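Encoded as structure tokens, the following chain is the form predicted alone, with no partner shown.
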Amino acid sequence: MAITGVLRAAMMQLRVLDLETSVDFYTNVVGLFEVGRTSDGRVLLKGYDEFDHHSFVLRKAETAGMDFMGFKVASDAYLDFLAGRTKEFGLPVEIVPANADQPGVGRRVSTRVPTGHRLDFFADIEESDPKPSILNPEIWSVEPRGIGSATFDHALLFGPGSAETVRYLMEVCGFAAVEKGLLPDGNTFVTWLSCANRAHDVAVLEFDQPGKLHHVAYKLDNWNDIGHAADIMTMNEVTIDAGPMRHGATRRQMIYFFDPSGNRLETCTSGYAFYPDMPVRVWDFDHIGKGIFYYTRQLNDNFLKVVS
């Protein structure tokens, strides 16, 4: 097995304003499956094509946004290595015991990166239903519903100190820069990063407020699925931010939309496969609009300023 460190983006805990309204939205529109609730009232969800116990957690709060993003790593021994390297880098480290607040999840190494986001890393996680079958497997074990979200895919994080956060992810966690966008002075303001061969697992953009979430994304299979998702969103009067359309960066086809609390979500196809020997693809400032919205070739203020 070639991948020996961080395997993939695997978990997101979001704050929502009305829990039951949000559960209805995420199960019946987004198409996630509820797999449990915690003693403090959080709701655990997953996509139909995920083995992991859960990949999405909803927590009722006064403000919307992200609590933490989790990454699956290859081994428990790697967690110890990562904890040591994170301390050497100068970031705080907390060891979260198994099942402390995430049922079915082993111990976690938690840190807070310069952009203000909490990132957690874990090696062990139980399975829960529904999950893909492994003996003479059908294409799904339970028919997808809503827009049919298959797996947690990536997130875009906004905050100050993006360059140091990118350096941590690359030098300590082994991520590779896939694409980047440049300011007029040639400095980087957004970087797309992959830890395996997804088009990206996380992207980081320079922003004046710490710990902000631009969007969290779940994967669909193809362009037809994106069109079906648009139909489902329209029938349920979901607020669509952009799309259906395509990114130039990563080549994903997608729709951006909002949950009832104002968290921006994305449903997307997989884009191209990435391998670490590939060169970084660069969008200069005059063409970054095309990199984000390939067809219209223009960014809008709301897309860059509306965060949670």
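Quick note: we count residues from 1 along the sequence shown, nothing fancier. Everything numeric in this text was worked out from a predicted model, so none of it was measured.
Missing here is the form predicted in complex with a further copy of the same chain; even so, the following discussion is about that form.
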Notebook entry, point to check: Mind checking whether each of 34, 118 and 302 has a heavy atom within 4.5 Å of a further copy of the same chain in the model of the complex?
Noted result: no
Item checked: Candidate from 213, 195, 205, 82 lying within 4.5 Å of a further copy of the same chain in the model of the complex - any heavy atom -> 195
Check: What is the one choice in 107, 112, 72, 167 with a heavy atom within 4.5 Å of a further copy of the same chain in the model of the complex?
Finding: 72
Notebook entry, point to check: Looking at the partner-bound form in the model of the complex, is residue 306 within 4.5 Å of a further copy of the same chain by any heavy atom?
Noted result: no
Margin query: Just checking whether residue 277 would be counted as a contact of a further copy of the same chain in the model of the complex - the rule being heavy atoms within 4.5 angstroms.
Written below: yes
Next item on the list: Verify the contact flag for residue 42: yes if a non-hydrogen atom of it lies within 4.5 Å of a non-hydrogen atom of a further copy of the same chain in the model of the complex, no if not.
Entry: no
Notebook entry, point to check: Can you check whether residue 51 is within 4.5 Å of a further copy of the same chain in the model of the complex, heavy atom basis?
Noted result: yes
Notebook entry, point to check: Going by heavy atoms within 4.5 Å, which of 96-104, 138-146, 159-167, 184-192 lines up against a further copy of the same chain in the model of the complex?
Noted result: 138-146
Next item on the list: Would you mind checking 274-294 for residues with a heavy atom within 4.5 Å of a further copy of the same chain in the model of the complex?
Entry: 275, 276, 277, 278, 279, 280, 281, 282, 283, 284, 287, 290, 294
